[in-house]
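Included below are structure tokens for two forms of one protein chain, each presented in isolation as structure 1 and structure 2.
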Structure 1
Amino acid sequence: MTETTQTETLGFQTEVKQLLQLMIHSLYSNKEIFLRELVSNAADAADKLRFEALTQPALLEGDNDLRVRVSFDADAHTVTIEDNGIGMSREEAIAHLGTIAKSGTGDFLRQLSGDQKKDSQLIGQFGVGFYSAFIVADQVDVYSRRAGAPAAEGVRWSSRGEGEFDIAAVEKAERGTRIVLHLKDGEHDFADGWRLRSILKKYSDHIGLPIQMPKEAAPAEGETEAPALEWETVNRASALWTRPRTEVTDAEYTEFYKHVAHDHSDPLAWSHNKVEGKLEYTSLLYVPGRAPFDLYHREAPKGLKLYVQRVFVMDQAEQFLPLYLRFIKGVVDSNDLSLNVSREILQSGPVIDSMKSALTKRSLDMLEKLSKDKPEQYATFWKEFGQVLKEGPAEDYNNREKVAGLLRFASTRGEGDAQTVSLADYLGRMAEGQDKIYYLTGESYTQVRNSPHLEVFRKKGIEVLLLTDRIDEWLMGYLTDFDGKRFVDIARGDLDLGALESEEDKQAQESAAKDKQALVERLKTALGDDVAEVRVSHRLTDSPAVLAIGEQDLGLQMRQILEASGQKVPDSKPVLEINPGHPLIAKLDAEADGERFDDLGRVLFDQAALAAGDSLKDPGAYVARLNKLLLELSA
């Protein structure tokens, strides 16, 4: 290998520099993972070569025994990882080893606090990758040549992991990538056959590609020259998903997850299935343990790794799962698709459609099982991905009941604002005579928890779900019933508690309504166009008044979402309900002074809007009226 003299020095992208810092300082207790990452990349490179060689067999250059070799030099303190996969051109080396292409990386890294403990949590959300080499090495040399390119087009990438890297043209006869790690002082122990083997066994046994190391033969007696290097395979080298479930350990499933998902944290659950019959495929699906930093970025990677008859075909095949399950990671290996399948072909067709619906069901079943068998881990899942799952009922009408069963809510019987209550929990403790699922949406937990709408439910001991996530009102637009019970928004319409109200309750309401008929009419006149209606309430025990929204009108959350996206919000007016038993209402009823009646009526109305979390159209007028009334009080 001869090097040309021209070496160019380039700076790392700022994000790479930050990531390197984060990596070196946060993964010091788990240094050996560098080997897992580099072997994982070698396996990906072999997969890509096999795939490209399907249409261009010449890329194999007559050598189709793909493998990765790990060797070391204890005297020179180096560890070398060499593959004969796809390799990199000069441009690819600069782009892939000098920049991070993920969208949103900059924003993510700006969250770093400088507090090592906190920051090291963040690395799990990011993935580790190639740069982990710098955890143990203070210089990394990468020699690579892309398959099919002439030997003269080799490239050497070299860096000390500080601000920059050198790039030079080199002659490289063998296709693929060789990475030489110059171990830091204090890390020289890694240049040891036994150590490297045990790390490979621990992290990379599941890799489908043979991993080879030099055979450690004791020199034969009397022999002075070192014997020729012999390589032996040190891993199992069969694709993990092709093995029977019973023969794969949890540790192997976990390590395989890290390889396919490019994630550093452990998965919460997995589901491994072989399907035979009309369609034949194997799937291995995982629920990650934490949300990636770019979960909500449109271009964030999603989808499964697709293999066709064990040959890798593409990453991020998005067509096998709906969007609301975009956090699921894993592999699908089909016997029915053609090896030259493209993203366009994957768009639809009977094979894809039926695989998608089966894999969707498998994913939902896996989540259901997790929720039953490991509620604590399910709580972690819900915290990380619950918001995404809430997109389900709108996107996947057929599975909405199944998805609804997986949702978790805060409730008046829950533990504070924690979303822990399932619909099954709710149904299981419904009151006698209750046949509906009651819920209330709003801005924040504190606001809904203190809403006047809850008063009658508190009095009767009926549980109400408290929904305060931004998309909850939208979600409830798609959930009309669960297990035959209708959902009812308690802030809407004329609340009908059905059998939950006794005959006496109803009679008392009717007579109160009659009794306050005149007051209702006076209030209607005073409030004019601001209300759709005024009526006597049976929702209240403590508050004087409350606003109810029309059955078909947009609620506050939806109005705010539309406003924020610059859309016109249709006009709608609330209904003012008054509490016939409240002293303020009695006072209002007795008020003979027309002006004072108007002021008091307006204040009640504005207060009801405030309690609903809404803002006032004319806050100044409200304050002025209230102050006037306060002064009269003290006069």
Structure 2
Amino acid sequence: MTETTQTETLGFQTEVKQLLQLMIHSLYSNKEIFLRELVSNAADAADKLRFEALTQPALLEGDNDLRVRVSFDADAHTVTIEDNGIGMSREEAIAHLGTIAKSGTGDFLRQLSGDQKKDSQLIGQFGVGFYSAFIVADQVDVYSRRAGAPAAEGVRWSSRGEGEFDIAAVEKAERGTRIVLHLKDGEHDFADGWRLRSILKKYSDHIGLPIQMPKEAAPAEGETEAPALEWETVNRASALWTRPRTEVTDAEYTEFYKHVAHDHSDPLAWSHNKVEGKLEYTSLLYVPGRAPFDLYHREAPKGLKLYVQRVFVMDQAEQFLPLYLRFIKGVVDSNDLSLNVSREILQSGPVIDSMKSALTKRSLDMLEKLSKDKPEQYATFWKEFGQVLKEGPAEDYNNREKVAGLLRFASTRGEGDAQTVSLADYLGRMAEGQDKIYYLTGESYTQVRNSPHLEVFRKKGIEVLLLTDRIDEWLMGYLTDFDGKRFVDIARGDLDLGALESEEDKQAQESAAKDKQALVERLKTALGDDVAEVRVSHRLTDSPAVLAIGEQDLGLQMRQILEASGQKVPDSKPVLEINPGHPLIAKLDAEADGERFDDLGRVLFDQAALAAGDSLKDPGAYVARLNKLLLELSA
């Protein structure tokens, strides 16, 4: 291999310099995983060549046997990883190895916690695994040629990890990429056949591509030179998902997840299934243990790795799972799709629809099993992915009930804001005569936990779900019932507890409403257009007043979300409910001075708005009225 042009020296992107410093100072506590990263990248390069060769067979250049080769030179202290995959052009080498703006390096750096073990787990997920080479090497040389390009368009990329890299054109007869690691002092023991084999067996045995190493043999008797180099495959070289479940260990499933998801933490659960009959396909699905950095970017790439008859076709086929399950990782291998399948073809069709329905059900079954068998691990899942799963009832009507059973909520029976109550738990604890599921939405757990709306429910011992995620009010617009029980927002409309109220309660309410009718009319006049209605409350036991939402009106959460996004919010007015038994209401009723009555009524209304988590339209006026009343009391 000869260099054909003068070497050009270029600087790394700023974020890459920071990343290199982390690598060089041993971000990984387990240095040997540099080999896993580089072999994984090499396998991906082979998959990409297979995919492009479907429409451009000439890219294979007459060499259809894709493989990865790992070799070493103990005297020169080097380790070499070579593949005959897609390769890189000069521009691609600069883009992929010198600047990584597209791979999320900045996001990676922002998420670093300072905990070496936790931080090391981030690197594969952010697509920057190549730089793990600098953990063990003080110089890295990369030789590459893109498939289909002439030999003269090979490229050499070289760096010592000190802020810059060299790039030059070279003659390279074979397509693909060869990476040569010049080991640091103290890391020379990696240039050892037994050690490299053991690392490959440990981390890369699941890769469905032959990983080859030179067969080690001593010279025959009478010969002074070693025999010609022979290569032997050191991994199984069979796709893990094609093997029977009984032959795959938990450790192998876990390592395969880390490869397919580019995530170094363990998965929480997996489901390996082979479907035969009208449709034939194999799926291996995983529930990750933590959320990726782009989970809430709905437009970010997502989906399963798609294989057709064990040939890689697509890296992120999003058509096989609904968007609310975008966190599920894994592979699907179909016998019923053509090798030249495209994203457009995958958009619809009976085969795709049938597979999507089955894979969705299998994913939900996997989560349900996790919730029942390993509740502590499900709590971890919920913390990481719960808000995404809440998108399910709106997106997937057919599985609405199944998704609802997986949701978790805080409640008035819980300790703190931990969302650990399932709807099945709630139904199992319902009070005698209760036929509805009661809930309350708000901006924070503290605000809803102390809401006046809960007073009558506490008095009667009725559990209420406390919903404080910003998505919750939107969710409840689609989740209208569960197991035949209707959801009721306790802050909306005129509260009716049905059989939970005695005849004596109902008669007392009617009597109080008649007794305070004159006060209700005076308050309506005082508050004018700020309220839709004033009425005597059935909800309150301790507070003087509370604001209720109209049955068809937007709640506070939805109004705030729409306003923040610049959308027009429909006009709506709250209902002021007063507690006829509260001393403040008795004093208000007895107030003869019209101006003072108006001030007291306004303060009462504003306090109810604050208790509901709303902001005041005129905070200054509220403070002035309150100060005026305080001065009167102190006079």
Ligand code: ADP
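Note that the structure is a prediction, hence the values are computed from the model and not measured. Along the sequence of structure 1, residues get numbers from 1 upward. Rigid core: the largest C-alpha set superposing within 1.5 Å between the two forms.
A.B. asks: Can you spot the form predicted in complex with ligand ADP among structures 1 and 2?
C.D. replies: It is the first structure (the form predicted in complex with ligand ADP) rather than the second.
A.B. asks: Do you see a C-alpha shift of 2 Å or more at E299 between the two structures, with the core held fixed?
C.D. replies: Comparing forms between the two structures, the E299 CA shifts at least 2 Å.
A.B. asks: Can you read me the CA shift for D63 between the two structures, rigid core superposed, in Å?
C.D. replies: So the C-alpha of D63 has moved 2.5 Å between the two structures.
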